[in-house]
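What follows is a pair of forms of the same protein chain, given separately as structure tokens and numbered structure 1 and structure 2.
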Structure 1
Amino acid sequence: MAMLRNNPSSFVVACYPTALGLLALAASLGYGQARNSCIDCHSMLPDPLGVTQETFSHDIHAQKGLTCVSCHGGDASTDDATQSMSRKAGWKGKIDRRQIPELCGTCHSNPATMRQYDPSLRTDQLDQYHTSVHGKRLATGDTKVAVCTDCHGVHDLKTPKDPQSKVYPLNIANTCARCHADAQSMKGYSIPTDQFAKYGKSVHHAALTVQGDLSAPTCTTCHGNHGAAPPGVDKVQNVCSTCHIFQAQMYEKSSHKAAFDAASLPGCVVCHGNHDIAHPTDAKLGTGAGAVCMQCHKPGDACDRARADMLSQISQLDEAIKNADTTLAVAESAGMDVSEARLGQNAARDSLTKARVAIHSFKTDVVSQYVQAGLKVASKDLKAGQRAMVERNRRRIGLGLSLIAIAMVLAGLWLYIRKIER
């Protein structure tokens, strides 16, 4: 019989003895088991009942020494189907989807058992699952919701660190999308099915897949994994602040915090969205495409004036940094040493970043504090570049005069030599 923790569709309800001399899986893996009649039979069956020695040998459970009977019971040492699949031998028969979490939890919730295989692995997954939307709906009899095997697989389970694992960071969104992007699967749940498509356009997805940052947010980062649940309206900022700490601290001091709480608005999501979060730009403070402030505020009110002031200051600093960069680049290309000023530009850019973060406080004086610090540095660097350009021009004039003097000397020598020759 096949080793099957979770997927009832892969479980065979009838198995016939085989006389073929196939190698036993456990023996080939060196686990010391004399034979495995489960693999002998199932390796010849078509999907979804087929489980080959090759497939099972890559399963983390097999690599840890577990066999088919560890989950399915029975006796894999005999070809006699009556004995191998007898209730007396502990054969469980078809595993119902509702039984899968508890079956997996038999081992994964037992610290003593898991300590033998991976002491670092948490043993509260089952408890978390019971608190999740999936677990709660399963308890009501809804067998369409995700259980362990839907996310982790059945006979080809990999560790989360394995790039081929369904729960490897780069694969998690695709794993969740198998249900959540399928309109038929989500029918009756009143849940949108465009989250995966939106996430594919987000700055988080770009950081994860393009930049290769495995710490970038994916589905489980915000919703949890075994304890998966949608963030509550008043808890969204707590989810975002897991990574965006300074923005959250500024937001807590802002007038938006109290206003959003009073109106039951979902914090960060109001301005940034959720699944399709775009790269934030200064345009969000503007009035054109991509602007967000005027969704709530009226032109000319106090908040609109504050918005315009902050945007003006940040734009001023951004422009000052660009001007200094341009001047320094020209001076550097001319061979002038402006390395100290180049390094100073990093401090100016840090101030610009802090000013943009300070927008979340929606206090012009806080933004101004960072802008003024950045302008001071950018002005200093610009002057350093300008001095370098003056020095470059001075050197060029000196070089020109030197070349003229040298040419005059050479001409005089030539005339003198001609005179002597005559």
Structure 2
Amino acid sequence: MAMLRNNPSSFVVACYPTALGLLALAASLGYGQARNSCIDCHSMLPDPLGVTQETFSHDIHAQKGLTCVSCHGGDASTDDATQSMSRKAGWKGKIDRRQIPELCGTCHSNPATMRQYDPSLRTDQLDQYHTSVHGKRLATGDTKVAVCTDCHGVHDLKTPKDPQSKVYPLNIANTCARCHADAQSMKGYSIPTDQFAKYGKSVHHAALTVQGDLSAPTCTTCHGNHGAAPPGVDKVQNVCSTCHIFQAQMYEKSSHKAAFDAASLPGCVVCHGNHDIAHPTDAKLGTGAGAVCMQCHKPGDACDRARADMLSQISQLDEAIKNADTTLAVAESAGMDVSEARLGQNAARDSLTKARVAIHSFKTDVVSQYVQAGLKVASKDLKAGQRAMVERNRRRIGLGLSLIAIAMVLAGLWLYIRKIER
């Protein structure tokens, strides 16, 4: 058997749709369960040879009626190891890492096969894999890259929709980290191993894991799953644009877009980073810590002046909104009805958000348009608050006067009663 195992040319793909159909039919009729000497024997063997019924029952392939023989070949009807694992019976021997993608592809690249199970399932995983850095390197004999089973597992392989799957959105980063965050695995390659650590601190990771927003990006959202490759410089901002449409539309028309493209700079990533993307504040537009503009622009040049102008406009609107909020809160706690102005503040806040998005045009007049709209609303709301306070003061004076009048009447009554008593 050792000789057979070491003979790669004997790797024969034995997955014919007809055979598969028969297997599935057999399984559905209950014959599949009737005899499986592979599992009978292998469930008694120690790791790595051990595969139990319990483990395999969680595998999507087992659940769809496939058996050990579907992937490994051989004869599951005999207890004799040499017969069941004989080349004559189609047994493929030890599966080398380099053979795995093609093995999975025998079914998954075959639309006719897959259509019998789930017509909506894609059949391009192997083709895509060949275009990835993983696939290209595997083809040159580098077996340290990811193959299908590194991302999906084997023998307890689950559909990506299953929260236990290694490729369920919440688990993907860990699946990639097993290699990409491990200095030992990545030794000899020239790329860093900090992507997982950085991503773990990003707003994207927080949105996914803390807020439970499964549409927030994880590694494969940006890199692709089967065509895993870093998005090239020209594609980086396409990745961000799929979700951050408004910023992307502004940026697309800006002169930065043309200038960055010409200099082969990766768009959004220049100012936001790729793995450790944080919640930006107005300080990003400043000149101190966390600022991004001055790495290219010089103090006092036209771009710097535009930067300072945009920053001051945004700060002005931010201040105006806070002022109006404070006044409205005081009026409200004094019992005045300012609900309409309170509601109006949402429009001012909306303008501030839009102004921050409009920074991506890098034009002061575009930013100004939203700032002016916001200032108008905030100033109206501030006035409403101030009017409410004037009204409250007037009511207070009125109340005071009527209290004095009532007190005088009461005093008069008291004197009168005293006089009658006497």
Ligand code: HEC
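Between two forms, the rigid core is defined as the largest C-alpha subset superposing within 1.5 Å. In this text, all values refer to a predicted model and were calculated from it rather than measured experimentally. Residue numbering: structure 1 sequence, from 1.
- Structure 2, not structure 1, is the form predicted together with this ligand.
- The two forms, fitted on the rigid core, differ between structures 1 and 2 by less than 2 Å at the CA of Asp124.
- Shown in the overlay between structures 1 and 2, fitted on the rigid core, is a CA shift at Arg342 of 2 Å or greater.
- Core-superposed comparison between structures 1 and 2: the C-alpha position of Gln386 differs by no less than 2 Å.
- Once the core of the two forms is superposed, the Cα of Leu401 has moved 6.2 Å between structures 1 and 2.
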